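Coming up is one lone chain in C-alpha cells, specifically the form predicted on its own.
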C-alpha cells in the first residue's frame, strides 16, 4: 500500500515553515507568510496546508464563514431556501499551489478536501462560495461545478446539498 503524496492538515504556525512557499503570486505568498497567523488567532479564517514527505508546504487554502445574498442565486435554488435576505455560506478565501508542485492536480485535490470539510462542518452553510482572482481561476472553479453568482462573474458558488 502506498502512502498519499501529500498530507492535508490544519496549519500550525509554530511548526510548519511558511518561508519557502512561492506560488508566483506575491499577495498569496505574503498572506501565508505574514497574515494567516493573525486570521487564525482572531478566528476569521482556518488555513489548511498540503505537506510533502519532508513536511514542506506544497499548497494551502483557507475557509471562513460568510453569507451570500439570496437574490444572487438562481431561481431554482432560491425556491428551496428560506426567504432570508442572505444565506449562510462557507467561503474558500484563498487557494494556492507552490510553483514546484504545480501540474500535479493538487489544486483540484485541495478543492475536494475543502468541499468535504464544508459538508462535514458543524456550523452549517448552504453553499460554498469563492471569489476568483481572474477569469482563468473562475474557469478552474467552473470546471469543478461552481456556478456564477448573479451579477458577479468572478464570484462563484456551489450548493453544498449537491455534495452530500
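Positions refer to the first chain, counted from 1. In this text, all values refer to a predicted model and were calculated from it rather than measured experimentally.
The following text describes the form predicted together with a small molecule, which does not appear among the structures shown.
- Taken together, the three residues 64, 88 and 118 all stay farther than 4.5 Å from the small molecule in the predicted bound form, as judged by their closest heavy atom.
- Mapping the unseen interface onto this chain, residue 149 falls outside it, with no heavy atom inside 4.5 Å of the small molecule in the predicted bound form.
- The small molecule is not drawn, but in the predicted bound form it has no heavy atom within 4.5 Å of residue 27.
- Under a 4.5 angstroms non-hydrogen atom cutoff, the small molecule in the predicted bound form has residue 97 among its neighbouring residues.
- Within this chain, residue 69 is remote from the site of the small molecule in the predicted bound form, having no heavy atom within 4.5 Å.
- Residue heavy atoms within 4.5 Å of the small molecule in the predicted bound form occur in exactly one stretch of 31-39, 135-143, 120-128, 44-52, and that stretch is 135-143.
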